[in-house]
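Quick heads-up: the structure tokens below are two forms of one chain, split into structure 1 and structure 2.
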Structure 1
Amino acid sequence: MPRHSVLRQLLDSVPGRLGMAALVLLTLSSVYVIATYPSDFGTARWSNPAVWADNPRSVPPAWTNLLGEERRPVHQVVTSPEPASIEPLGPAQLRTFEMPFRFDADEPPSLLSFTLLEVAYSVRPPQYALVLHRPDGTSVALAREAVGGPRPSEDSPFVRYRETPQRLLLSGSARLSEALPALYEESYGVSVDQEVLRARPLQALFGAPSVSGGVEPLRGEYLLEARFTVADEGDRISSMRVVVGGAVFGVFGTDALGRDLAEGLLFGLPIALLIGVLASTLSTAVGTTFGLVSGFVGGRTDLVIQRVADVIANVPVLPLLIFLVFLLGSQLWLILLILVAFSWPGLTILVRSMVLPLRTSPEVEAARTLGASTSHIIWRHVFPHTAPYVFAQLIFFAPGAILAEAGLSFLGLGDPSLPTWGQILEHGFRTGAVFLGYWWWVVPPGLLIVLTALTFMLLALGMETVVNPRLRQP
């Protein structure tokens, strides 16, 4: 059957159309990951706690706010690389950076922090003050700090926070505890117990006095203003950011380390496709080659191949995988090699049974009469008769390889340098996500494994009309 006819037969069936649509979507997503993610994502980003330091721990996706009556704060990170205004102060300068954000939740943020990145100065260290402007026109002074001064034997320009940014936890500062009572007394004329304000500073900072005498959320636009006083106009402040800690985050939430599960799940997609496609292709190539040679050549060659296939086919693969990975190391190429080494016997036995009646067919006898070589006869006159079944099996092998790798990773034997769906599941179970009700940590990777395997299963079902002509519509 020509290639275009195979594709037409595949798309004529409902499973084939669904499988092709899912495969295109998975392929495009994998291309996006390969093009945008760094090659060392696993070691440099996913396994680096410093990358996720500002993220909340074990929080659900942001869209869960739509499912309940209570609206929880969304995690926000606002950066400011350039000053909004610069004012001369004699030989010095006042640089003002603005970081706006919106608060519209029913509960206060979990934290409020300020991070200052690389600063370079030539004479005196810059000083800065942080002020939060609230929606009702009131303001709260949160901090007043100075950049670290010159060290002995250090030459100008002096660079600070290049390797380790300065991070201030504003929600737990002593200055905030002192500023909140003054805010309520001066702005609202209300005297609130200072112990209450110190116990729940963020509730007071993002709230206002209520009619009942308590504190209610103050929703609206907030602005964190960072005012830097620099001694020289050549002093450089690279950028800064404010983190408003939330109780919900992103599309898939976070794990116990604050890692964005959406990034890890997306990165695992091309790995799953690579494992499925590569393992099934190599297994099919090996199994088909041995089956063709065994069935066509016969004799001692057939006996040796079939006995080896029988032995390997009866070896329990998963325990052997666990043993070899534990013995030789958890590396992706090793897992692929083991999967290929123990996946070919079944196809070899089936292809051999298909080849046995073909080797005495008139087509083969005519080729022998014309002096064709054995390899030429096998690949030009025998293999085309088995090709539809072989390609259907190639698609059918892929889900098994994906599930095998996920099973190894779930047991903690996956490649630690590459985050996969099985590893995300394993980490969730190891840290008690199931018992604590962190469904967003367990359900999405499980669904992605199932949906990816289902894609190949649908393609295999769509190939039935190609393998069996009697199933085609007249």
Structure 2
Amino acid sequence: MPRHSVLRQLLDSVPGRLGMAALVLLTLSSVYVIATYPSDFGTARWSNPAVWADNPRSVPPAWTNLLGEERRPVHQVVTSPEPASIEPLGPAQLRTFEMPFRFDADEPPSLLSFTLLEVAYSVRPPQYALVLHRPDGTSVALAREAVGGPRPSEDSPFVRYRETPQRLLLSGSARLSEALPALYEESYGVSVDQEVLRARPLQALFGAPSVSGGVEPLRGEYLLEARFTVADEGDRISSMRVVVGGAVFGVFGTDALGRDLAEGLLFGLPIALLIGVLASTLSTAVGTTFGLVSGFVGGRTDLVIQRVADVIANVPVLPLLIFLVFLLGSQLWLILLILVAFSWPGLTILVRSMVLPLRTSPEVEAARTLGASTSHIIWRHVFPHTAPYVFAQLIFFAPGAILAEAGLSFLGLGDPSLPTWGQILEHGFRTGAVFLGYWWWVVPPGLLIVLTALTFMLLALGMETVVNPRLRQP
């Protein structure tokens, strides 16, 4: 059967079309991920706690706000690479950076932090003050700091915070607990319970006195202003950001380390596809080759291949997979290799049984009389007859490989340098996400595994009538 007609039949069936559409979608998303993610994403980003320090831990996705009555604060990160204004102060300068954000939740943010990236100065370290302007016109001074001074042996220009950015946790600062009572007394003429101010400073910072005597949320536009005094106009302040910690985060929420699950889940996609496609291509190639050779060459070769295939086909795969990966190390390529090593025999046995009658077919006899070489005969006159089955198997192997890797990851044997869906789930399971009800951590990765595997299953289902014409509708 010519290949294009296989494809046409595949696209003729509903599951085939669905599967094809899903495959295209998955492939495009994978291409996007590969193009935009750093190659060392796993080690440099995903497994690096410093990257996720500002994120809230184990919080649900932002869209859950739409479901409940209560509005919880959304996680926001506001950066400011350029000063909003520059005022000369003699030889020095006052540079003002503005970081506006909106707060309209029922509970205060979970944290407020300020991060300063690379700074370079020639003589005196810049100084800066952070002031929060609130929607009702009041403002609070949150910090007054200086960039680290020159060290004895150092030469100008002095560069700071290049490797590790300077991070100030504003919500826990001593200055805040001093500034808040002053704010409430001066602006509203009320004194708020010291305990509230001390224990939940952010509630007071993002709130105003209520009629009943407590503190209620103050919703509206906030602005964090960073005023830098630099001694020399050549001094450089590259960029900064403020993090308003949310109780909900992004599209997929965060895990117990504050990692953005969306990022990890997206990264898992090309990995899953890679596993599926590579494992199935390799085992199909190996299986078909052995099957063709075994069936066509016959004799001792056939006997050996069939014996080996028979044994391997009857080995319980997962225990051995666990054992070998445990022993040899959890590297993805190794897992793939072992998967392939255990999954080729089925196809070999099938292809061989199809090749046997072909060996003496008129077509092959004719080619032989014409002096065609064995490899030519196998490739041109034998393989094409087995092609639809081989193609179906190719599709069918993929979900198995994806599920096997996920299972292995779930047992803690995943490749630690490449986060996969299985590993995200395993981490969730091990840290009790299931029992704490962190559904956003355990539902999506599994669902993605199911969808990816299902994509291939639908394609296989679409192939059914190609492989088994008896099932075709009259």
Partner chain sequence: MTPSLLRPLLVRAASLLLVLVTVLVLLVVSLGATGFSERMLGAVIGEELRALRISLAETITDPDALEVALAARRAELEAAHGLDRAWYQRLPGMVLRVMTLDLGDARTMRTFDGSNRVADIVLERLPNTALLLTSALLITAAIGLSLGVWLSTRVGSTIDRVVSYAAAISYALPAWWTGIMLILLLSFQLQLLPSGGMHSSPPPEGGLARFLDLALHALLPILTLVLVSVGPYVYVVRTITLGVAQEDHVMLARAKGMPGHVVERRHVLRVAAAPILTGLILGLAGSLGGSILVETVFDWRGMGRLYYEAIVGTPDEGLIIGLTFMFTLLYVSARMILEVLYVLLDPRVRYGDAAPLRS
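Numbers given to residues start at 1 and step along the sequence of structure 1. Here, rigid core means the biggest group of C-alpha atoms that superpose within 1.5 Å across both forms. What you see is a predicted model, and the numbers here were worked out from it, not measured in a lab.
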Matching structure (the form predicted together with its partner chain), either 1 or 2: 2
Rigid core superposed: Pro357 CA moves 2 Å or more between the two structures: yes
Shift of Val325 between the two structures at or above 2 Å (CA, core fit): no
Large Cα shift (2 Å or above) at Val230 between the two structures, core-fitted: no
Per-residue Cα shift, Ala366, between the two structures [Å; core superposed]: 3.4
